[in-house]
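As a starting point, one isolated chain is supplied in structure tokens, in the form predicted on its own.
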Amino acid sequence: MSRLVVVSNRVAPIDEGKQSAGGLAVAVLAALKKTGGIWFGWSGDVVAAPPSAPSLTPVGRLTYATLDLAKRDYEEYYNGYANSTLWPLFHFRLGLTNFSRRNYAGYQRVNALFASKLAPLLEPDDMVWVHDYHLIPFAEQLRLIGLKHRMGFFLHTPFPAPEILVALPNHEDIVRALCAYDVVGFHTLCDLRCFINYIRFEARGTVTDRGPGEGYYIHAFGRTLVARSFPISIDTEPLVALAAQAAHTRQTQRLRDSLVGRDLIIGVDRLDYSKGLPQRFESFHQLLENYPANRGHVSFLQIAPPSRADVPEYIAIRKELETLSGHINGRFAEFDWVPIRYLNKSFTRRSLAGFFRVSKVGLVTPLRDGMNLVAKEYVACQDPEDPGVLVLSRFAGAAEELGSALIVNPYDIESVADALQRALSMPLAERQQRHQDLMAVLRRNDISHWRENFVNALSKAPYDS
């Protein structure tokens, strides 16, 4: 059986207890624990000069292989091309996208560096599974140095429509690099269609349908590969058990006591402009304006750990949210009730599971998101006898699977407020039925199913051995 080698920009902390719920770290770690192998990527440290070889840390069946980044590489590859060019572009935010030839050169340079450092660690039968927009050129760089392993890529962000992607000066280079993989995976059918349309109408490649659920053969740039949707999910049953335990922890009890019988709406997101947080705050404001009976009876807890704190756009959104929360609290607060509890800090998975458990509404309203695992985690953490209601943006990838949530347009502030009111007043029987439907999806497609689907597709894909 082939060993699995996972490559991502960041490697999960060795101290797993400090991880927050959601995202690539939890998903990949759960997968690798079951297969063994190597997890390779950036250590998170920025140094004067990177070391000549990766740092290797064996943990059970896993080996963590990490590299530091030089300051110039960090600025050009990470802050520059990855997060100031590809991230906003892939989230349909052309107005926030910055283009720079220097940053693009840094992006290619770091991908080449990473490829050269991983290559000596690879065994002949290894399958290489690369993750996310930071590392699109990784397979191309490995192939340039002569490696012919099976290589798959999974994109954790949305993939933009061709009309948006062509605004990227190097768009053809980026798609050509994607075609160096043997399997390219996306969260949703919508993302897959965007990729296929680029291949057909921009790259002038050909696309062959492989049948229901099997994706497509892509023939472009002298390569044949498989493109398919693989909706990522969570480790469902362990999270269900964790939430049941967390319901009785001291921290959860503190939150419950602080509510004094009030209902709680919760949002948990990285502090990022793609998450729709200003619009979410405005929707809660509108709820209190349009449905005044909620005043003094409903609180909104928004947890938003800082993200990419030195990027100007993130500094700006933090200031905007501080202003909005201050305005709303100033408008509605009473001496014994604060409408918005806005926290710029991280919590453990156990703490978040408990917080989700006691929340009557989970508010997940990104303007554009690849999947959004928080939506799935909120559902899994509910008490099936008295579950809360998920209010979910139609622009989150999860909306394609979680149709029994209340699906909203986050740009329509008043409609989101109406959905919040509906969620807060929803009868128990309807809440239970919706929760049962959502849990059926999460049990059918959990993290193991996602991993097995991708690895099986990669093991069967045509490749140049």
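Being a predicted model, the structure only gives us computed values, none of them experimental. All residue numbers are counted from 1 along the displayed sequence.
Below, we refer to the form predicted together with 6-O-phosphono-beta-D-fructofuranose, which is not included among the displayed structures.
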Original post:
Where 6-O-phosphono-beta-D-fructofuranose sits in the predicted complex, superposed onto the shown form by the site's C-alphas, are 3 or more of its atoms within 2.4 Å of backbone or C-beta (blocked), or none (open)?
Top reply: open
**OP:** Please name which of the stretches 166 to 174, 250 to 258, 233 to 241, 79 to 87 has residues with heavy atoms lying within 4.5 Å of 6-O-phosphono-beta-D-fructofuranose in the predicted complex.
**Re:** 79 to 87
Subject >> 6-O-phosphono-beta-D-fructofuranose contact at R10 in the predicted complex, heavy atom, 4.5 Å >> reply: yes
Subject >> Contact flag, T157 vs 6-O-phosphono-beta-D-fructofuranose in the predicted complex, heavy atom cut 4.5 Å >> reply: yes
Original post:
Using heavy atoms and a 4.5 Å limit, would one call D132 a contact residue for 6-O-phosphono-beta-D-fructofuranose in the predicted complex?
Top reply: yes
Original post:
Can you check whether R368 is within 4.5 Å of 6-O-phosphono-beta-D-fructofuranose in the predicted complex, heavy atom basis?
Top reply: no
Original post:
Given that 6-O-phosphono-beta-D-fructofuranose is left out here, which of K360, R228, R270, H149 has a heavy atom within 4.5 Å of it in the predicted complex?
Top reply: R270
**OP:** Sequence order please: the residues of 415 to 449 with a heavy atom within 4.5 Å of 6-O-phosphono-beta-D-fructofuranose in the predicted complex.
**Re:** none
